[in-house]
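In what follows, one protein chain appears twice in different forms, each by itself as structure tokens: structure 1 and structure 2.
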Structure 1
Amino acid sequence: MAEFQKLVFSGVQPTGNLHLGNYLGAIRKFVALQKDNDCIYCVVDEHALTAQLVHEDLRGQTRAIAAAYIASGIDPKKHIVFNQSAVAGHAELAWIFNCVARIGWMERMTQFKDKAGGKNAEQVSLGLLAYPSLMAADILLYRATHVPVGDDQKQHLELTRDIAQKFNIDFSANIRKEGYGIDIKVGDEPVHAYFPMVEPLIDGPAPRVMSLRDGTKKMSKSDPSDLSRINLMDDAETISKKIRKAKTDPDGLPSEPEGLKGRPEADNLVGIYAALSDKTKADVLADYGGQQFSVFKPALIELAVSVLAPITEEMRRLTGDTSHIDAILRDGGERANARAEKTMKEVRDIIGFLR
């Protein structure tokens, strides 16, 4: 059986300030993946409309995500960094996938249920319902084979596979007739496929970064308290203040990870230290077990500042030079569009659109 050429795709929405959870859970992984893979990293500005229709500064937020990619170490010359709306193929393929996918598939998505919970149909946008179809188009427009995902996106990636499989089956005769696609196995069955069955990339347990004010909730851009998160644009003084004020409990640090059970705030701070230092929680507790938070927090502050300060400095420099960022995104958009248009030409042929 033939194989699709390996390609990694992922994207981040330009909604609000990027924080430590975004960096540790996604962007740092993007940087690692570029060493051994062909990568496309997108700022998904069309997706941003499902979270908030009217933005005060969508262009600025888009530039900030691109700046975070580059400041963290992604090379926009070797790989592609662009904004989604620059490539019309995303919207065109999403419409085709809207016709391939079933409404029931969309309504079963956990994120849709969470975001639409308590609202009637008049209050929920069609875009929110169709969000996973656009996500599938983002990935399959480049016939990407692998996507780094967190727990909250696994279901959407499974839906992407369902859409790809249904397209391949529904149009199998046309795919062969037009001379596109390759023979692959789906389970034990050989299928002549145009779109790959995308695989998740899960490189070890993803650090789950929680709120500094409530260790039971994820660190979030939408939390009304800025003290709940460390933003990538925070300076050293602000990072220090937030960690010093981070909620803890009266007990000191245990000597083993089992001692963190039932102590969400302590577990979160140890987890952040472990992620920033590329260590395990057991390694961190081997050094700090038995110590009080008055000793541990200064060490965490020093580590966080040392890791994040260079990224913050470069992000500030890049966002202050909008012409440079725009040039990078424009170049990435042109290179992405060249790949996307090849896919769309073939998809139009497969479907039978007259050209």
Structure 2
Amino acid sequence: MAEFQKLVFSGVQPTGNLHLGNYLGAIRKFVALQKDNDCIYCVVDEHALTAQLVHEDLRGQTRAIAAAYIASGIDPKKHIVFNQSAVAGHAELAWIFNCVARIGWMERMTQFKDKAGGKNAEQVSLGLLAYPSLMAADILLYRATHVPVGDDQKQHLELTRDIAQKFNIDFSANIRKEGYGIDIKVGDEPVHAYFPMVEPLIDGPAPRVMSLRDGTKKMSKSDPSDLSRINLMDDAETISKKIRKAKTDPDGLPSEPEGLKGRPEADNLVGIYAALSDKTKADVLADYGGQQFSVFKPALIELAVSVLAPITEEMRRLTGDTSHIDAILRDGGERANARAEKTMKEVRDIIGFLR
């Protein structure tokens, strides 16, 4: 049995301020993965249109995400950093996947239900429904095998696997006839596959960073309370204020992770500490178990500021130099396009488009 070449792909939408959830759930993992892997990191500007069509400063938001990638430590020379709309293959493959996927698969997505919930069909864009098909195209255009994301994207990655599998099965005769694809195993089944079955990389101590005001709600760009999240552009004083005001319960910290069950706010703060220091929750509790939040919060503030302040400062510097960021994105776009075109040429052959 053969295997697809390991390739890491992920993306972040250029919509609103980046927060600690985006950093710990995604960008910090992107940085760690680049050491031993070939990586492509995308600013998914086409996705930004799904929930809101007109953006005041889409270019500025796109540059801000690219700046966050680079300020966090991603090397755009060794890897690829680019914006999605620079590579036409994303939209082209998404159209094909729209015809592979079933409407029911899309309607079952919890994120679609959350975002469209309460609105009538006249108010929701077709793009919002079809969004996971574009996300599958983002990944499979490069035949990427591993995708680091936060926990909220898990269902979209399962759908990406469903789309890849249906394509592989529906077109299996053509894939063979054109001489493309490899023999892989899906579970115990041997399959001749053109697209890989992507592996989500979600693990770690903070796969879902929660709101600082309510440990049962995800930290999110759209939460009306700014105190609920730490933004990557927050200064040290703001970070300190938000952590000091973070909701907690009256008990001290337990000595084992088991003791965090049923205590969402405590669990969240310990998870954040662990992710920021590349430790496990058990390690953190070995140091802080039995302590009160009056001791733990100042330690968390110090850690968060020491990790985030240099990133914020570098993001500020980079966003002030738009020609530098634009040159990085242009170069990344050209290299991404060369890889994407190879896939699209093969996909057109498999489908039977005349050329």
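We call the rigid core whatever largest set of C-alpha positions still superposes within 1.5 Å between the two forms. Reference numbering: structure 1, starting with residue 1. Everything quoted here is computed from the prediction, not taken from an experiment.
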property: Panel number for the form predicted alone; result: 1
property: Yes/no, residue 295 Cα shift of 2 Å or more between structures 1 and 2 with rigid core fixed; result: yes
property: Threshold 2 Å Cα movement between structures 1 and 2 at residue 286, rigid core reference; result: yes
property: Core-superposed C-alpha of residue 268 shifting 2 Å or more between structures 1 and 2; result: yes
property: Distance moved by the residue 187 C-alpha between structures 1 and 2 (core-aligned, Å); result: 2.5
